[in-house]
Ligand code: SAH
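Have a look below at one chain only, the form predicted on its own, in structure tokens format.
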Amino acid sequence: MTEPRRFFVRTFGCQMNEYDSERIAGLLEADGLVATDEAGDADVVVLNTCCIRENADNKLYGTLGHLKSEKERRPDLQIMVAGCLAQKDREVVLERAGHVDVVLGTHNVHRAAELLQESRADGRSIVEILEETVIDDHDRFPSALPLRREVPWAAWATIQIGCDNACAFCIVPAVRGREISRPVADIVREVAAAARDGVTEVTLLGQNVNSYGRDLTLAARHAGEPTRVRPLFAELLRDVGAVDGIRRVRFTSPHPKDIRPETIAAMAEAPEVCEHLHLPLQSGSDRILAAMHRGYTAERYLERLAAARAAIDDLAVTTDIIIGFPGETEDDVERTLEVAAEAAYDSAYPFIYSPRAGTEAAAMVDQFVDGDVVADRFERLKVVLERSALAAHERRIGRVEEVLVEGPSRKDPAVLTGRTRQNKLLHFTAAHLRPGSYATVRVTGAAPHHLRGELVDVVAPPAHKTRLPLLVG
């Protein structure tokens, strides 16, 4: 009996890429392949890529360089490059790495297994890039594809594909296309199916979740159908939270200019929606925000942040900030440091600006900031951010937190790791608890990027929900 072929998937980038990787893995399993955790054991290696920052390019082509010798040793090895960088670079991938067998983009994930079969049968490399996701063929939409989850208790659910914003630094609209929202009922069905499989935490994914449903509303109006006044995203949060078996609902990422009172109310009122808001600032300088085309000022950002904190008890807030955007001055940096300090984030992801070909900012070459200057500014920002994070964590010492157990710590197998509702990493010592189970833990120590604690109790599963979704169609 012939051994089944094995596949390995490596993901570069965001949660959307991870979700796509699960779909690709599901398609390969459905085609008879078996997953392996080691690229060296695989007959098919899939690299699912990101292109938000330059280091993502370096990681991909560095990995492809290492795989070249493996391909020479094993000619039957197939290599697939998928995702955002594939969408952007297209034939360039083969020009730089001729040993790649398949290149496919962000809009044709459903073709992964088929393209590998075609390449193997024909003995040639294939590049297939679509310009937009197919939305009139249900069998090709992400919710219809099989998947292989990385963990059985947590799931992603894409609610929206693409982005209609025009941020000067961002390549996403070019590689993900225009905003396309999935129908609410479709999303709720997917989440309900995941819950029946044992999933208790779901994360809703979109490039700008706050604008979810705008295209659906416009389409309904053009068709002469009645439309709802309240934003669909707020309704969706409540509907997903009402799915039996779902204990936690998260989402990423919202855009500060589009966050609405209805969304804040849904977060405050739906018990399943976690008390965590990721609200990208990008810059505290109004001048830089305008150059970025972000659509808000620092003052407006802080007002919306204050409104969220006033409405949602124990809200944790995280953010993204870019340092070194073209034309950034010392005064701009000072404004960013001031806003970051006032916002008092629980955690933050600071980035050094990376030019992406095809974006408006990449053409501002004469305004690029010297690398040494940017590095100094970056370190100053990190000091402010870590000071706020440590203070936020120290305030939690003595509290009892509910955690979703993720398993043993990577650094110390005797210590378990879990996530609180505020998405904080909490390490605690306990007898073995099954990953995916829930426990209460008393916080005993704090660091800028994690908490430490001791087990209080194991949490029993909740009773069957009696609430019905607000939307059923």
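Numbers follow the displayed sequence, beginning with 1. Please read all numbers here as calculations on a predicted model, not as lab measurements.
The same protein has a further form, the form predicted in complex with this ligand, not shown here; the description that follows concerns it.
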Among the candidates 302, 77, 170, 381, the residue which, in the predicted complex, approaches this ligand to within 4.5 Å (heavy atoms): 170
message: Between 149, 393, 294, 377, only one gets a heavy atom within 4.5 angstroms of this ligand in the predicted complex; which residue is that?
response: 294
task: May I ask you to check whether residue 255 falls inside a 4.5 Å heavy atom distance of this ligand in the predicted complex?
output: yes
task: Answer with yes or no whether residue 315 is in contact with this ligand in the predicted complex, where contact means some heavy atom within 4.5 Å.
output: no
Residue 282, heavy atom within 4.5 angstroms of this ligand in the predicted complex: yes
query: Does residue 207 reach this ligand in the predicted complex if we count a contact as any heavy atom within 4.5 Å?
result: yes
message: Tell me which stretch of 217-225, 352-360, 185-193, 89-97 has a heavy atom within 4.5 angstroms of this ligand in the predicted complex.
response: 352-360
